[in-house]
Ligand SMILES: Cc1cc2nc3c(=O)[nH]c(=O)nc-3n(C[C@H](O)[C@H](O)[C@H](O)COP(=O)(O)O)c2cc1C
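This document starts with one chain, in the form predicted on its own, laid out as structure tokens.
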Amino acid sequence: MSLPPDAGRCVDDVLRARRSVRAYLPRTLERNTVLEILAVAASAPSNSNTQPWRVHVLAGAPLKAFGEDLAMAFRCGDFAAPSHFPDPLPQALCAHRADFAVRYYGALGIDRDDTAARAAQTERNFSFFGAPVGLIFSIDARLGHHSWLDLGLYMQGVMIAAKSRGIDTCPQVSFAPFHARIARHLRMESNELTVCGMAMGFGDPAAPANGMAMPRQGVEAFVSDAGFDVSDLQADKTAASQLAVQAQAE
């Protein structure tokens, strides 16, 4: 399939523009637009074309009822212990997570020791941060890590397809510990497992939560390579690092 000459730069711009948006405008999102995004993302690769993703889409009154149900469960402690990170988390990753918390709660003016305010902000996850559309992604629980990777590739496609249309998203692992309640609410099949959620809508540019810069490592921090001309490689790495810095500033 041929592409226009500037396609690469357009894709780069969309990738850099995508942000995890945690506050939305009260603006509706059409069903056909959501389905179009989900359909385009389904061109994602998967092992032996198994296409293991499943998506539950919520809007309007069902979204509101769903969010209220989970918020009540959160307040009552009616959920499984979160298991999306090992304990202990590797030190290098721990530093990234701690930096995120400082930036996130700092942007919201929430003190690190203010557990009530932090809990109230966490609870906003369950209303999809006020987005008009909420997505719950699930997978067959019998599948292994590589199929979960396939689902991740699909989700990235959803976020990029949405952003290319001017629509914002936020992937949300906070839903995973509530699988038992979510499965009942959405009438999931017995082998279905909640992986995460995703808010989708039009971000509020004035919201403090959407104004924080989230740094990314330069390519030299996570890439090892062999076989390239050393001078060319260094130039490529320098250019990639400059792009990472540019993305942080935008």
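Quick note: we count residues from 1 along the sequence shown, nothing fancier. Values in this document were obtained by computation on a predicted structure and should not be read as measured data.
Omitted from view is the form predicted in complex with the named molecule, to which the following refers.
Heavy atoms of C170 reach within 4.5 Å of the named molecule in the model of the complex, making it an interface residue. A residue is said to contact a partner when one of its heavy atoms sits within 4.5 Å of a partner heavy atom; R216 meets this definition for the named molecule in the model of the complex. Although the partner is absent here, C196 is a contact residue: one of its heavy atoms lies within 4.5 angstroms of the named molecule in the model of the complex.
At the 4.5 Å threshold, heavy atoms of S138 stay clear of the named molecule in the model of the complex, well away from it. Listed stretches are 68-76, 97-105, 141-149, 111-119; the contact stretch with the named molecule in the model of the complex is 97-105, by a heavy atom cutoff of 4.5 Å. Residues of 115-134 lying near the named molecule in the model of the complex, listed in sequence order, are N125, F129, the criterion being any heavy atom within 4.5 Å.
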